[in-house]
Ligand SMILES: Cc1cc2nc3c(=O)[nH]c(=O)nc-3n(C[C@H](O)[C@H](O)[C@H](O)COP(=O)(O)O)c2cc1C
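First, one chain by itself: the form predicted on its own, in structure tokens.
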Amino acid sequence: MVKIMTNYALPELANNVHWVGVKDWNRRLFDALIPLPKGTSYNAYLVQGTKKVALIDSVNPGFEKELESKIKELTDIGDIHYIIMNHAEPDHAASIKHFMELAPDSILVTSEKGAKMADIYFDVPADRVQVVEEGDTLDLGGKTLRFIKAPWLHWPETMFTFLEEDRILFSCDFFGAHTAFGFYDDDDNVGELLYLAKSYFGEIMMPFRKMGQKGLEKAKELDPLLIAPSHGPMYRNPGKIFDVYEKWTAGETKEKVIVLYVTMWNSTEVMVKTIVETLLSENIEVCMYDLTTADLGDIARDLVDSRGIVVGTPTVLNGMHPLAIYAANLFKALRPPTKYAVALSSYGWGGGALKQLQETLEPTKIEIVGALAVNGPSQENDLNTVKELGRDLAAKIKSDK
């Protein structure tokens, strides 16, 4: 149910448990890196027990007053006894100091590493911090908060908060999605939520898949009725997000290849299109991105379950095109489960792009099935070699189950 208060719509997750976050409809870039085509939300939650009140997480800088106004619809700010910091990143925690000043008797509740970050980033004094360990609880009066360590999802201090009586899991960034649309996963205006969640996973959680598996198991053991993340809609159907996270954190891949390329005088593009047609003829799913126009979110999403990658780049001053350098380093940083690669390049007066690409990808341990650099426009024999590389890549992908 969404309660229409004096000025705001404040979803009531359970009796005396409300979403009090904000929707940032117009934001289009996160961390100066991640595209936000549908904006995002900064989810904060107010839990009112019969004895005490807790605010779980806060909002991005610049939205403090809106959060303040929403809380005032439900209680006096000074009534807040605890502020729960599941994660110290500023979009969730930068407002904490503001609210601790408005509620001078409030205590910040966080993990041990979170306490150190609260001191460094937000000047929260040690005497106003309560450090919690795995399984510790807070009794608010008919509302019991239990704390669960969830390190590296996606910072080292991260934890989950579980409301035992109502079985609500406040999972912070885990299970999130960047969108300002909808409050719940089954709202009509949410759209393809799992599509957005997959991009979010690729951008944020994919480098931490092993810790993600541990976090997922902890979340499933709690058997929540509702999952309340820090970005995007809440899940009234936890199984929906559990099922896909099971695959994504395990690194399950499909018979699928992502193709990332940039071309200057179309020579590289001709090679790329040739290998794409070859892969398609082998019944391999292909996602093709021209790096001059590609969206990082789309690339991250398709890296989540691509078993192969093709990188195409012209040579620029004895090395890769700058956009190809960016893509290769992004691949290395996101650490997708992709297993096989083909590298294609063209050059005019001097090569070097393939060498740089192979050196960049070496730490990822990906198997480079083949590589080809062509001087000038591709000739028939060059394209025949490209086709053979495509068939070799397809065979690798099909043999790996």
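Keep in mind that what you see is a predicted model, and the values were worked out from it rather than measured. In case it trips you up, residue 1 is the first one in the sequence shown, and so on.
Note that the form predicted together with this ligand isn't included here; everything after this is about it.
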* Let me know the one among T179, S111, S230, T315 whose heavy atoms come within 4.5 Å of this ligand in the predicted complex, would you? => T315
* Structure fact -> Only hit among T268, S306, T161, S95 for heavy atom within 4.5 Å of this ligand in the predicted complex is T268
* Asked: In terms of non-hydrogen atoms within 4.5 angstroms, which of the given stretches 140-148, 127-135, 249-257, 315-323 touches this ligand in the predicted complex?
  -> 315-323
* For F63, is any heavy atom within 4.5 Å of this ligand in the predicted complex, or not? -> no
* Answer yes if any heavy atom of Y347 is within 4.5 Å of a heavy atom of this ligand in the predicted complex; otherwise answer no. => yes
* Asked: M264 near this ligand in the predicted complex, any heavy atom under 4.5 Å?
  -> yes
* Asked: Would P337 show up as a contact with this ligand in the predicted complex if we use heavy atoms at 4.5 Å?
  -> no
* Asked: Going by this ligand in the predicted complex, which residues of 369-385 come within 4.5 Å of it through any heavy atom?
  -> G376
